[in-house]
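In the block that follows, a single chain appears as structure tokens, in the form predicted on its own.
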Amino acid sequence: MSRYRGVKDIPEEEYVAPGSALCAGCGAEIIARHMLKVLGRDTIMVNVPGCYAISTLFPYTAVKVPYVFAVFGSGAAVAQGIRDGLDILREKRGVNNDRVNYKVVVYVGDGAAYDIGFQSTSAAIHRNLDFYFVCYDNEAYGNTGFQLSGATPYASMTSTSPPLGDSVGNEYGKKDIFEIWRAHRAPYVATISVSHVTDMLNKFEKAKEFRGPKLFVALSICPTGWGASQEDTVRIARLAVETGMWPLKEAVYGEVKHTFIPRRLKPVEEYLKTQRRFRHLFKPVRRDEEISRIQREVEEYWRRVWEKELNR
């Protein structure tokens, strides 16, 4: 049963204050706001250098829960120390002591999730650390000039993968962090989007049932890096889902289920055209081969999903 069925079910409590230094239209702020509505006040957030770090610049903070700032590669290691300390206090003071029943959340961008921080994260998953790992995936190192990351999709322009000459931009595909975590046998893994808020809230609610590492990967629109209109954040996120480029799914102990299955995909170019980072695919000359490759890969993915659904 879904606890959150519509907008009226969204909790009114706010744990992210307005007026931070984050860019207008930043997807990371929307995700953090709704995440904390579900996880609540008894949450300790671990953050590392990245876009969301500028929401808390000493002595000011936009986060109304305990907040720890860690070095780039050590978010999960710091979460381990916090979790261990809380568990020791719980043993001494009792399970129902409010001061020790905190949830620990590592909230990072794709640079820390896919690349620099993955070593400590992999180790934490292996130790079955009871924590939430939430990645606001803006598909590049957005806070330092929008450089190429392991999450950058094929043909995307970044400051370190410019489409010069015959170059298509990023020539590599995006890492599948969902499958990497699933291969680690984490109890709960999910993708979320700011365009499907009730789906997001229900997944955070469902994750409370599981003890161990829990991953959430959220497509996080970056208006400045993507070259998109700041008022179009939710519309672009919805197009990513409706074109099939951002599947909404979850894996419970490895068993994958899609929580939104489009019966008909919109053309990927409807999504690509909303962003300057893909402009070179359309101007000055339309690059049909690259656009067709992206479309083909999306269709092949969903063909497998549709076949699996028909055989259930």
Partner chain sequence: MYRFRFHGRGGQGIKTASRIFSTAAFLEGFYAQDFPMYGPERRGAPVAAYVRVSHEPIVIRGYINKPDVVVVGDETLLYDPVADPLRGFGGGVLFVNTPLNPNLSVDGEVVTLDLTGLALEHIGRSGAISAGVGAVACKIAGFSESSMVDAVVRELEEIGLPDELIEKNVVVAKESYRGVPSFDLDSLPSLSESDFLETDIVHVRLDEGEVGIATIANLGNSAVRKTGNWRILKPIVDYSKCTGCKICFAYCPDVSIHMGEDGKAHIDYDHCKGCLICSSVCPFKAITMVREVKVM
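Residue numbers count along the first chain shown, from 1. Just so it is clear, the model here is predicted, and its values are computed rather than measured.
As for the form predicted in complex with the partner chain, it is not shown, yet the points below apply to it.
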With a 4.5 Å heavy atom cut-off, would you call His280 a contact of the partner chain in the model of the complex?
no
At 4.5 Å between heavy atoms, is Val197 in contact with the partner chain in the model of the complex?
yes
Distance check, Gln295 to the partner chain in the model of the complex, heavy atom within 4.5 Å:
no
Would you classify Glu300 as touching the partner chain in the model of the complex, given a 4.5 Å non-hydrogen atom cut-off?
no
Give a yes or no on whether every one of Tyr60, Val65 and Arg238 sits within 4.5 angstroms of the partner chain in the model of the complex by heavy atom.
yes
In the model of the complex, which of the listed residues (Asn170, Thr233, Ser74, Asn202) lies with a heavy atom within 4.5 Å of the partner chain?
Thr233
Given a 4.5 Å cut-off on heavy atoms, tell me which of 240 to 248, 280 to 288, 52 to 60, 261 to 269 is the interface stretch with the partner chain in the model of the complex.
52 to 60
